[in-house]
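Each of the two blocks below gives one form of the same protein chain as structure tokens; they are labelled structure 1 and structure 2.
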Structure 1
Amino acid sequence: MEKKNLICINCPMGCRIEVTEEGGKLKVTGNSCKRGELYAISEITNPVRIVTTSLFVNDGVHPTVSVKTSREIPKKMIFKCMEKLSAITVDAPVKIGDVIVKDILNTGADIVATRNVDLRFAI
């Protein structure tokens, strides 16, 4: 592994951390506390993120509904996840917590609604 530079996000110090590999072991430098080391190792070995976005809604009082992954997914799958979601339209009504896609891309994470969108009645 070549060396990687990170900025720690745990506190406002924002330590510049360098991670290198030595004989199969990760070496973390530049951190000023333990939390920095743990963060760096998880970032290097398995970076994960919550993905949030909006989907179009049919017949809703709003044109979109905001959604999130119910848990973090691997960082490298973010764009794949977005691509998959771009093809999806939801029918109103939608309630907070509704599962819109189950187990997206076999990540174990569901796509859930993060807001309510009521049905729009034709006048």
Structure 2
Amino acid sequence: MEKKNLICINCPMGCRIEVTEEGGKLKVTGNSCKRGELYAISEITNPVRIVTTSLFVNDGVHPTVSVKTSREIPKKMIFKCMEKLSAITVDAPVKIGDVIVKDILNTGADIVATRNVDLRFAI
């Protein structure tokens, strides 16, 4: 790795960070706080992301429920996570914070609902 330029997304400052490798160690410049340095090192060595998506709901007043991972997962596992979630349909009612999938792909992250979906009553 020669040089990598990043914009930190940890706060509104949006520091322009430069990461270089010197003697096997990463050198971070341009950050105004420690979080920027940690973000830059993570982005280079093991980038992680929160995953958000929607799942279908059986018998709900809404056809889908929005969900997200409870913590960041490795970026390289996002497609596998989405593949697993695409096969899941939940039953209404669903409440915000309900755990839909526990410890997805052994990442330590749960898939949690971020919206309420009440049960649709039959007429």
Partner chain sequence: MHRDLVIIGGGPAGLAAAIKAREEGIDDILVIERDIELGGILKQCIHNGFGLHIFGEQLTGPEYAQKFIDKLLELGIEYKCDTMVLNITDNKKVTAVNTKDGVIEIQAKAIILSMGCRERPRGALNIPGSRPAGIFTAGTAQRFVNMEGYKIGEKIVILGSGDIGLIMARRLTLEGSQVKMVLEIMPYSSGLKRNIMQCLDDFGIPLLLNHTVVKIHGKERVGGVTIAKVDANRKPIPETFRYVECDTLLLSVGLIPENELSKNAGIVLDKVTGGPRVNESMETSVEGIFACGNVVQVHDLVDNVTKESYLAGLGAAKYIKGTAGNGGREIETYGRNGVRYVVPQKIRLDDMGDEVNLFLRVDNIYKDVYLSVSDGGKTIYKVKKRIVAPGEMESVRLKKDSILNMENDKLFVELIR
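Reference numbering: structure 1, starting with residue 1. Whichever C-alpha set is largest while still superposing within 1.5 Å between the two forms counts as the rigid core. It should be emphasised that the depicted structure is a prediction, and the values quoted were computed from it without experimental measurement.
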task: Return 1 or 2 according to which structure is the form predicted together with the partner chain.
output: 1
field: Core superposition between structure 1 and structure 2, C-alpha change of residue 20 at least 2 Å
entry: yes
Turn of the lesser rigid segment against the greater one between structure 1 and structure 2, rounded to whole degrees: 27
